[in-house]
Ligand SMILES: C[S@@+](CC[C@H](N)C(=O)[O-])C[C@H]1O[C@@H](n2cnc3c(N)ncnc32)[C@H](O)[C@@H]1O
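Only one chain comes next, encoded as C-alpha cells, the form predicted on its own.
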Amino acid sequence: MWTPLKALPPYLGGKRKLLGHIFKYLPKPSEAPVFIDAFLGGGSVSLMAKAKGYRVICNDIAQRSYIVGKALIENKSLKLEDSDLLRLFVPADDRSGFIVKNFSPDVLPKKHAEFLDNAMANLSQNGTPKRWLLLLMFIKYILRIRPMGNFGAKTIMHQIADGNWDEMNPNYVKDVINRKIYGHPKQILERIMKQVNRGVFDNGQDNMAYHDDIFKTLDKIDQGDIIYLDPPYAGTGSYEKALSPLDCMLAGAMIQTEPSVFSRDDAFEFLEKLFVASKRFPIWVISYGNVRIDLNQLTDLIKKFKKDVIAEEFKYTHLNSLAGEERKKNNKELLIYARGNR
C-alpha cells in the first residue's frame, strides 16, 4: 500500500483498491488541473489526486470526512509532534464524561472512553491549529479500538471488560491482541500519529475542503476540469447508521443524522439531478454499486449528458462488514469515464 494512504481512516466503502482504475484514463494535471471529489468519504481518491499534482476541491456533508479533508487535503505542512500527543493526557477541568456515559462499555472499554473524554476536552480548550490532525487521530484511534472495526459488536466489548477470554470468538481475540487494546492509549496513539504525519505533503496547489450538501457545494465551485462522483449507492446500508457512534463522539452529543437521499431505493431522481448539476465539468468519473442498477442502465443514464463513455465493472463488496454472503457474492463496482457534453 502507498504509505500516505495509511493516514486515512478505514471507512466503509473506501476506494483504495480501485485507485489504479479510477485514474487510468484521466488526463494529467497539466491538461486538466482542477480535480473535484464530490463525495470525499475516506479520502483515498482526493489524496491520490493531490499526490498526482491536481488542485483538489473535495466535499462531504459528514463531519468525519470533512476532518480528513482539512487535515490531509488542505493541509500542506503542519504535522503532529510528541508534545501534541502528551498534551492530550493533561487532566482537563471540564471533562463532560459524554463518551464514558454513552459508549462504555458497549462501544469502547472504559479506559479508552475516559482518555477520549479528557483528550476532547483538552482539544476544545486549546484551539490548536493542529485541531484537524488531532481529530483525525481520534477517528483512527476509535476505529482501531473497535473489534474488527465493527460498531455493532457489543458482546465482545463486555467480554473484554470482564476478562472472559475463553468465551470470545477466537478471531476477535486475535484482533484485540493485534490492535493492542490492552496497551496504554499512548502506545496506540504513537503509531497512529506516525501514520497521520505520513499523509501530510505539499503538492504546490491550494487545495480546498467543503462541508455541505453536494448540490450547494457545486453551486459554489466556479471552475473544475474533472469531477469524481461516488455518492452513496441506492439500496445499500447507510453510513449514517453504521458510523453513528463515531459521529456522536465527534459531535460530543447524541445526534441523529438522516440517511443520504442517495442511499434510498428511489435514489435515481437524485442521481440524475447530480448529473445535471455536474454537466458543466468536462470530464466525469463515476463509481457506483450494482444493487439497484446494472452497468448498462447507468451507462444509458450518463449518455443523456455525455457523448464519450467508457464503462467497466469489477468484483467489489460494498460495506463488506454489513453485507450478507449472497450480496458479497454478487456485488460489483461500476466505474464509468465520460466526457463531451450533449
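Heads up: residue numbers just count along the shown sequence, starting at 1. As the structure is a computational prediction, the values presented were derived from the model and not from experiment.
Omitted here: the form predicted in complex with the named molecule. The next part is about that form.
Asker: Is there a heavy atom of residue 62 no more than 4.5 Å from a heavy atom of the named molecule in the predicted complex?
Answerer: Close contact exists here: in the predicted complex, residue 62 approaches the named molecule to within 4.5 Å, heavy atoms only.
Asker: I'd like to know if residue 69 sits close to the named molecule in the predicted complex, meaning any non-hydrogen atom pair within 4.5 angstroms.
Answerer: No - in the predicted complex, heavy atoms of residue 69 and the named molecule never come within 4.5 Å of each other.
Asker: Just checking whether residue 122 would be counted as a contact of the named molecule in the predicted complex - the rule being heavy atoms within 4.5 angstroms.
Answerer: Heavy-atom contact with the named molecule at 4.5 Å: absent for residue 122.
Asker: Contact between residue 278 and the named molecule in the predicted complex at 4.5 Å, heavy atoms?
Answerer: Result no; residue 278 lies far from the named molecule in the predicted complex.
Asker: Using heavy atoms only and a 4.5 Å cut-off, determine which of 115, 262, 141, 132 is in contact with the named molecule in the predicted complex.
Answerer: Answer to the contact question: 262.
Asker: Tell me, which of 224, 185, 232, 199 has a heavy atom within 4.5 angstroms of the named molecule in the predicted complex?
Answerer: The residue in contact is 232.
Asker: Among 97-105, 77-85, 248-256, 207-215, which stretch has residues with heavy atoms no more than 4.5 Å from the named molecule in the predicted complex?
Answerer: It is 207-215 that comes within 4.5 Å of the partner.
Asker: Which of the residues spanning 269-302 lie within 4.5 Å of the named molecule in the predicted complex, based on heavy atoms?
Answerer: Sequence-ordered list is empty.
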